[in-house]
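In the form predicted alone, a lone chain appears below as structure tokens.
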């Protein structure tokens, strides 16, 4: 094989050929000159003596040219490759394998093409993978619940996600590119919050502020943060703005504060009454028996009120921990309803309310947790009585079909506004209506009732209009 032949360099091969043909020409010229001189014909055949060596030299030049032909071809291709700005390997062509250098060139070229092909495959795979990862990160960025906007050193938005656009009440994210983020945020907050945003924009340190959309807390509260991508304060860089809607958190905090206040009042009043009547009974010996019985009844009622409030606290604690459970067993509804209405009717009589009760004939027995169901129904009836003014009307109705029981409590009370209706079953929530705030309440009853309904596989629905009354319906499956 050609590859197995002994290697000789191009310089060596050319030198050998030039030397070979040069020596051959010199030898022929000397030999011819000596012979012609001996014959005395040198001058006659001098032209022939010169032509023979020159012919050998010309033939040698042709041989040398053929020897260097493949090297010139390779040199020309490499020169063109070097001068081409694109440097395409495809421009390099193989040579006929009749020379060891041509064979070596062809082998080198085959490996270059193979390497180039693998590089192309690797590049395309890398580009595809990078594109896929970019799409995944873009999807994550757009699906974040927090609003995020990336701004340039001048404060203009470069990129943002859908949550940011939604929070600032804009449908299209592209329409916000190029706007000043401070101007965009200032459109949706109150005056005091605009000052906080301006101070936030002026600072180069990472800061977090809370801003209100209006004086009404329920209209929205944002937690806005700004972080610089570079810590060098002398060289302004891009910044990242984030917005988180913390309205529900703030409302819950406010509701808890209200609950603490209410709980303190709920505990203090009955305890003060119990203490006062107990001290009177212990210190006065001439109290008539009838009045003593009245004092005992008051103490018992206040103790019952405390026990009920403690039960609400325990129930809400279980709800917060997700540990509230039910123990189902067969419940006789007639008896349960009679007990609940018997305990609530005196409260209605005190306010001279019309208290109506209707029940479907032959109510079926249901599988339920009797204690928790009784507490839930007591909450519904008690709220109807509490929030219905004197002389109003409260109606309790129980219907049944083959699969479910419907407990409906309707009143002619103060009603619920459309804004408060969706929040009514939230823990600790109480309406800002002054008529509601004037009455003692914990904001836990309806939240507990809804949880009981859910655990039984049922639901609670509410219909109400402000100043026209409310209707609560508790639906439970029979089995």
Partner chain sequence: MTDKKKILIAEDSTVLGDVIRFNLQRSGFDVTLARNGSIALQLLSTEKFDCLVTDFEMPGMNGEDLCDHLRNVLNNHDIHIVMCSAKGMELDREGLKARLRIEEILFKPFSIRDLTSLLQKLVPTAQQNPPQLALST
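What you see is a predicted model, and the numbers here were worked out from it, not measured in a lab. Positions refer to the first chain, counted from 1.
The protein also exists as the form predicted in complex with the partner chain; that form is not presented, and the subsequent description refers to it.
Undergrad: Which residue, 349, 330, 279, 334, is the contact with the partner chain in the model of the complex, using a 4.5 Å heavy atom cutoff?
TA: None of the others qualify; the residue that does is 279.
Undergrad: Could you work out which of 173, 378, 269, 247 is the residue within 4.5 angstroms of the partner chain in the model of the complex, going by heavy atoms?
TA: Looking at 173, 378, 269, 247 one by one, just 269 meets the 4.5 Å heavy-atom criterion.
Undergrad: Looking in the model of the complex, is the partner chain within 4.5 angstroms of a heavy atom from every one of 283, 298 and 302?
TA: Answer is yes for this spot.
Undergrad: Choose one stretch from 238 to 246, 261 to 269, 341 to 349, 188 to 196: the one whose residues place a heavy atom within 4.5 angstroms of the partner chain in the model of the complex.
TA: Partner-contacting stretch among the options: 261 to 269.
Undergrad: Answer for residue 182 alone: is it within 4.5 Å of the partner chain in the model of the complex, judged on heavy atom distances?
TA: Residue-level check for residue 182: no, no contact with the partner chain.
Undergrad: According to a 4.5 angstroms non-hydrogen atom cut-off, is residue 287 in contact with the partner chain in the model of the complex?
TA: Yes, residue 287 is a contact residue.
Undergrad: Can residue 294 be called a contact residue for the partner chain in the model of the complex at 4.5 Å between heavy atoms?
TA: Yes - in the model of the complex, heavy atoms of residue 294 and the partner chain come within 4.5 Å of each other.
Undergrad: Would residue 135 count as touching the partner chain in the model of the complex under a 4.5 Å heavy atom rule?
TA: Looking in the model of the complex, residue contacts with the partner chain do not include residue 135, since no heavy atom lies within 4.5 Å.
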